[in-house]
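Heads up, the chain below is alone and in the form predicted alone; it's given as structure tokens.
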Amino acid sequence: MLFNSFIFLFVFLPITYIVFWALRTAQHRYVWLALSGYVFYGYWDPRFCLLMAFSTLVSYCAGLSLLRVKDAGLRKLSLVIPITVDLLLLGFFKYAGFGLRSAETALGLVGIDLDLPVFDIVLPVGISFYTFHTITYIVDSYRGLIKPTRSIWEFSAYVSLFSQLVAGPIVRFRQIEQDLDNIEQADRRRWLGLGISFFVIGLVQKVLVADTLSGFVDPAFGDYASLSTVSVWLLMLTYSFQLYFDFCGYSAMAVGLGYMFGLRIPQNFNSPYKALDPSDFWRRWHISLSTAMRDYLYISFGGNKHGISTTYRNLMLTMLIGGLWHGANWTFIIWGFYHGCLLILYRHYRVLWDGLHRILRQVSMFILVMIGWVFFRSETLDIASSLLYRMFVLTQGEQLNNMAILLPILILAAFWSMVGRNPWEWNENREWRLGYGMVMSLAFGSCVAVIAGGRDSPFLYFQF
């Protein structure tokens, strides 16, 4: 089920909202949130619900074990075993085919012709996100950062929370633990206006901006081999804005839905195209993922405590794993390697870079990120190589279609993402008055009109 669909906007959300606030006890609200999450998730394929339920049960039992067991060895087993189970599930569904294909190719390079079996495995939507939720819960319980819940329904509501289930943000239990514990006393009206505002702004970003840009991106990528150098640069510029507004829009809607149900979901984007350097970019882009990689990977590897060479190694390992997390493809691994290199180079030449003018740093950083998106968007290394060749070697070719329409949209997208306010800045200290309510109503109506006249448009991060 999509946030930007009639079934969600006019059936699922109203029913879920009305019933939730009609219920009076915390237990009943946990049960309702969990059940609604499974209905939302099962709308794609009910079979996926069994996998999420199994992962939820394993992690819940691990939490109970860590709550009761005091022996250090048994606590370690309560950490390792459930995380191994979660990673094995993720590895099978997401990486088994990639691993077999890569092994077959590697063996072929050394003269061993081996025909390995090929599995046609359907990737469950959102498995990377809810696996991150369950793993962070177990690790935080082991570290004593949270007290594991005894309520299976509270934990199920957390894992299956429909607002952030399939594409984030990656919400750690401790970030909404207080709101979940106090859900019985939640005030329906306290954050309703803020929630609606976040949701509508996110819907505008997705429906009116990202989906409009996708109408230029998708056909151009289908005919990438015929494009000129200028067209490829414009294509990657368009994709950069499409990806940002698509994912930022989803995150803003998730935050808004959380507020509507009395749950404060943390910020996931903070104007990343305003970043002045690689470190700044990762403090702004997909914040829930970058902070999770920092806390559970980079720091666990040793962080920057053991010398510069070890710090560089830890940065690179973290970014490689982050790239692989996005997808079972060498293009994602190289994308992670690319950003690892940017982070390392920035640490080495920080003084020189920081001495440049602010505007030059922002524009340069945006261009570097845009180049990295080539690997992120390309399905194969051959496509990525062809695009990069055309970007940096002057090549004749076709121009993008409808340039007179595209250029004004790009200018508006650039202004909003690189100069204007993001959803969090927009809603800071926002008071609902008649004029603002009318603007939100007009924006929502415009989105509904576009949805009615178009086709289903899944969010780009659903594939991860």
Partner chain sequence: MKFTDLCKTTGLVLLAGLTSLVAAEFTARFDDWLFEDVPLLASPGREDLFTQDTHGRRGRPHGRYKKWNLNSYGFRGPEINLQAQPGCIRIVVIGASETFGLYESPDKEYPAQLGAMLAAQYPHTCTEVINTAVVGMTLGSMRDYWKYQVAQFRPNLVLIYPSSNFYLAMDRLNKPEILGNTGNQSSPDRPILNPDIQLEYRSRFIGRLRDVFSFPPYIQIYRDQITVQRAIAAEPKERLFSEIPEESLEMFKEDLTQLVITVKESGARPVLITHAIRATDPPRSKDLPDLWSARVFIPHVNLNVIVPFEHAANAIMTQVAKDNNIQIIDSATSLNGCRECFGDLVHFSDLGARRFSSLIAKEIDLEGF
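Numbering follows the first chain given and starts at 1. Everything numeric in this text was worked out from a predicted model, so none of it was measured.
Below: the form predicted in complex with the partner chain, not depicted.
*Asks:* Is there a heavy atom of R455 no more than 4.5 Å from a heavy atom of the partner chain in the predicted complex?
*Replies:* Yes, contact at 4.5 Å.
*Asks:* Given that the partner is absent here, does G445 sit within 4.5 Å of the partner chain in the predicted complex, heavy atoms only?
*Replies:* The answer is yes: G445 has a heavy atom within 4.5 Å of the partner chain.
*Asks:* Is A22 a contact residue for the partner chain in the predicted complex, using a 4.5 Å heavy atom cut-off?
*Replies:* It does not: once the partner chain is placed as it appears in the predicted complex, A22 has no heavy atom within 4.5 Å of it.
*Asks:* Report whether the minimum heavy atom distance between R189 and the partner chain in the predicted complex is within 4.5 Å.
*Replies:* Within the cut-off, so yes.
*Asks:* Counting any heavy atom within 4.5 Å as contact, can you tell me which stretch out of 211-219, 122-130, 286-294, 76-84 lines the partner chain in the predicted complex?
*Replies:* Correct option: 211-219.
*Asks:* Going by heavy atom distances of 4.5 angstroms or less, which of I411, M438, V419, L50 would be at the interface with the partner chain in the predicted complex?
*Replies:* For this set of options, the contacting one is M438.
*Asks:* Could you spot which one of L35, L64, I405, L57 gets a heavy atom to within 4.5 Å of the partner chain in the predicted complex?
*Replies:* Checking each option against the partner chain in the predicted complex, the one that comes within 4.5 Å is I405.
*Asks:* Could you list the residues in 1-32 that come within 4.5 Å of the partner chain in the predicted complex, counting only heavy atoms and keeping sequence order?
*Replies:* Stretch hits: a single one, F6.
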